[in-house]
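Single chain ahead, by itself, as structure tokens, in the form predicted alone.
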């Protein structure tokens, strides 16, 4: 077996070997190479101690000396080189209390999370696969190295990582591994929000975001996203729906492209349904105001998971307006919708609406999609005609108003907004001379 390794990684391995040390690429890069996927990072494991690694290369960074990691810089590219190690006791379910260096590659591989991530390779020795990772790759299985309960007790984030790898690769989780996940899912409460966020986003933008169902079934979301559990348990006895709120969400995730903001918006778009649920005398479920309630919940969830402010802004707005529609849309309605939702987010809103429709009762698809296509056509027409849909498109500016006698201050912004609303309804009014005459009227 011969795997393609980047030239710089090969050079590092050769330098270490020439000095009498063992060295291999290891972990996810080996897994991806075996799968024919492009590896994000090429990590190297070695019998050399950190001081020995530093002595062999002119440019190194001390990125993790406590854990035996030195970053070797070649041609402005960094490669993490880590000494074979055995982790000590994990006291907090996240970090080993101490690490001990070992001359054994097998012992180093034994501490890793899953068999598919516990393989090493170099051109001299070929593939080192002590725990059956290649067979699990062939069979599409996520399996812990050794005792699953021990691996998950060492670092609880591995529980969520198992689901993430399952989603990314389309693999099934092995039975004992899954049982251990169910038993120890509660330990995820010890994991930082930032680490949870990273794994959740990777899962969501994977080829199989619906694998989030496994996170629900194993008790993971009860800890990290309990709002999803409420959705999974909320039926939708309504002719427009054929799934529970949660199952609708999982289906919708598969109907939209793998973009972080879009997938987050779909994940959260119906979170407002459980708290707004009512059932009428005919037994039909309704969720009046769920968009507004969902926006509030989306903000709480995203802040709890430490997302950045811009992501929160975009997702909140898409959740708030995801159900914005008109039974007979006109150009005027579409211009107003663009104004409400924001010109920057309107294309994303169209994608969210389409995914939402495709996760509803199929007997209504044709009617709903026809309505959406009408909106999309009008939107393209508005863009082609360069209709005014934001302040920057107005034929007058704040300076024009001040020069026309309006006192500087908040009133300038208020008047500009009113003029914008006027022009949105009547694009032909977007002329400087005309708008300046309207100052006193608006």
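Positions refer to the first chain, counted from 1. Small disclaimer: the values here were computed from a predicted structure and weren't measured.
Beyond what is shown, the protein has a form predicted together with adenosine-5'-triphosphate (ATP); the following relates to that form.
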query: Contact label in the predicted bound form: residue 400 to adenosine-5'-triphosphate (ATP), heavy atom within 4.5 Å; finding: no
query: adenosine-5'-triphosphate (ATP) contact at residue 164 in the predicted bound form, heavy atom, 4.5 Å; finding: yes
query: 4.5 Å heavy atom contact, residue 27 and adenosine-5'-triphosphate (ATP) in the predicted bound form; finding: yes
query: 4.5 Å heavy atom contact, residue 41 and adenosine-5'-triphosphate (ATP) in the predicted bound form; finding: yes
query: Contact stretch among 135-143, 218-226, 112-120, 174-182 - heavy atom within 4.5 Å of adenosine-5'-triphosphate (ATP) in the predicted bound form; finding: 112-120
query: 149, 241, 202, 317 - the one with a heavy atom within 4.5 Å of adenosine-5'-triphosphate (ATP) in the predicted bound form; finding: 202
query: Heavy atom within 4.5 Å of adenosine-5'-triphosphate (ATP) in the predicted bound form - the one residue of 290, 322, 158, 263 that qualifies; finding: 158
query: Residues in 375-410 close to adenosine-5'-triphosphate (ATP) in the predicted bound form, defined by a heavy atom within 4.5 Å, in order; finding: none
